[in-house]
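Below you'll find only one chain, the form predicted alone, shown as structure tokens.
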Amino acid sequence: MSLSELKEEVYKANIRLYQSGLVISTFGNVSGIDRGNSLVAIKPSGVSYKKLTPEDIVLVDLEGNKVEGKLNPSSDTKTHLELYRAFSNIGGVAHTHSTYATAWAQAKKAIPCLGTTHADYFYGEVPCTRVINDSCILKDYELETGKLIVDTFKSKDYHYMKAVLVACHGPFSWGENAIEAVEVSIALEEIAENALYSILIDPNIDNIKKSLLDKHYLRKHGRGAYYGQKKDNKTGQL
């Protein structure tokens, strides 16, 4: 993929995020990475989705230096970059302040895995970070937010859990590319809403049993996955 194609993809992912209803105003951002060139394409800071164009997408290197673009990159850029540095197999990152996922983040609670809808996308509860401390806020807030996420995944596999809640802040998600990162955000919001209503109906509800969790997650994401249609390795067609 050329850099122009990457910018186009990241633009489309940001528009998809806006059209999904997960962001309002200028909230949220999506990025994508060219691993070969170690360059990240990301939404510019404070630009309305309605006015956003592919040419507005900013290119930065993994140290945060602007390589291409007239506008300033997202204020969350350093968080995205820390995730790309730590999670070597991801190709896209999305951040929202979507209603239900953010409610869980503000409550400083992980989203429990209560049923198969959740298990189809995430292997177990969606974790919530600890609350960032004052020294990190004063030091380099966005970078430290990324480090906080990475620290939360010391004992978790980012391949099987493609989202996190940053306590008091909101959700971040990732995927093979920018488009997938957005799709994970959409799934996360649905799951966060389902979990809330399930707990309202039964405050003592238990997590899904492991055998059912394994079945639903692995049939879709496991080595022997059989969900969906297989693609031709040569053509990429179904």
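For every residue, the number given is its place in the sequence shown, counted from 1. Note that the coordinates shown come from a computational prediction; the quantities given were computed from them, not determined experimentally.
Keep in mind that the form predicted together with another copy of the chain is missing from the display, and what follows is about it.
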{"property": "Non-hydrogen atom within 4.5 Å of another copy of the chain in the predicted complex for each of S25, V131 and S198", "result": "yes"}
{"property": "Exercise: I205 in contact with another copy of the chain in the predicted complex, heavy atom 4.5 Å", "result": "yes"}
{"property": "Contact label in the predicted complex: N177 to another copy of the chain, heavy atom within 4.5 Å", "result": "no"}
{"property": "Residue contact check: L114 to another copy of the chain in the predicted complex, 4.5 Å heavy atom", "result": "yes"}
{"property": "Contact label in the predicted complex: D76 to another copy of the chain, heavy atom within 4.5 Å", "result": "yes"}
{"property": "Sequence-ordered list of residues in 81-117 near another copy of the chain in the predicted complex, where near means a heavy atom within 4.5 Å", "result": "H97, T99, Y100, T102, A103, W104, Q106, A107, K108, K109, L114, G115, T116, T117"}
